[in-house]
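In structure tokens, the next block holds one chain alone, the form predicted alone.
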Amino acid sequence: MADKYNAETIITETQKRISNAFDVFDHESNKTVDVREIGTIIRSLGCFPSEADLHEIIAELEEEEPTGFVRYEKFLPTMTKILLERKFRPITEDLLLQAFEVLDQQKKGHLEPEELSKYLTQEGEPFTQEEMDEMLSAAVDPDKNVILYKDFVSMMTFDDTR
């Protein structure tokens, strides 16, 4: 009995979080949001899918005839499942720090902005120039003009205390 109550409580609380996040972007108060806001809503809930995963989620949520909007009744069960299965969890601070340390081959404790730009625009799922500019504006130390990656990692990791 206690397990069933606990599971129901977790589902109810999860769905309340989803509803609250969705409502922020439901500007018409008609239980729909612009499809372009779905990534922001998902990330606000602590999930960080790749762009390819995000496109798959959106394709699943969109109507047979895409309208440019996603309805809450389609979003809720999909997002509930994603959150309960703990999909698309953020990378841990330690793992992110290790990634920067691999890039810092001279073990200087920092990276040059050009160095990081090269890695992030030419490898894997490449960043756009706009994404790169936005990230570098937050990452580059204004006094030293380098990326002190330990500080940057601390600033950009997600504290999942929920």
Partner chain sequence: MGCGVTKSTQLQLKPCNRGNISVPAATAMRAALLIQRWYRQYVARLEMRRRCTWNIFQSIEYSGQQDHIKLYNFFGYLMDHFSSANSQRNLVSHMFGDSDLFLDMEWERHVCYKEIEVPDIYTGPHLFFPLTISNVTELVDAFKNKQKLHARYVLQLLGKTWTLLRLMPNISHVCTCKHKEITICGDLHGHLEDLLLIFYKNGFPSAETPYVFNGDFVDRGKESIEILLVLFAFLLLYPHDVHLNRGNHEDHIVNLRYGFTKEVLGKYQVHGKMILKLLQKIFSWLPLATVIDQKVLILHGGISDKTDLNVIAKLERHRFVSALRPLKRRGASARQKDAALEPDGDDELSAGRRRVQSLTHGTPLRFRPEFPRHSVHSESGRTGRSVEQELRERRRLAGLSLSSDSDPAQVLETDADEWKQIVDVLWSDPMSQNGCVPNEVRGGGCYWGPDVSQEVLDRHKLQMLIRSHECKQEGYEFCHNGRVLTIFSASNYYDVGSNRGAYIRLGPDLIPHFKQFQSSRSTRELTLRQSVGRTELSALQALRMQLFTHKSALIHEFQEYDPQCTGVISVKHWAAAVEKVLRLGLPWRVLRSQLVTSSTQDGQGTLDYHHWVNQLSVIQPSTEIANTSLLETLYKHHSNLESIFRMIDTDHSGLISFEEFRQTWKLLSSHLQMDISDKAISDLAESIDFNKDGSIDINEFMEAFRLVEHSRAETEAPPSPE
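Residue numbers count along the first chain shown, from 1. Treat the numbers as computed from the prediction; the structure is a model and nothing was measured.
Here the subject shifts to the form predicted in complex with its partner chain, a form of this protein not shown in this document.
J.: Heavy atoms within 4.5 Å of its partner chain in the predicted bound form: does residue 112 have any?
T.: Taking the distances in the predicted bound form, the answer for residue 112 is yes, it comes within 4.5 Å of its partner chain.
J.: With a 4.5 Å heavy atom cut-off, would you call residue 84 a contact of its partner chain in the predicted bound form?
T.: Residue 84: no, not in contact with its partner chain in the predicted bound form.
J.: Spell out, yes or no, whether the shortest heavy atom distance between residue 44 and its partner chain in the predicted bound form is within 4.5 Å.
T.: Close contact exists here: in the predicted bound form, residue 44 approaches its partner chain to within 4.5 Å, heavy atoms only.
J.: Indicate whether residue 156 is a 4.5 Å heavy atom neighbour of its partner chain in the predicted bound form.
T.: Yes.
J.: Though the partner is not shown here, which residues of 79 to 108 have a heavy atom within 4.5 Å of its partner chain in the predicted bound form?
T.: In sequence order, 89, 91, 95, 96, 99, 100, 102, 103, 105, 106, 108 come within 4.5 Å of the partner.
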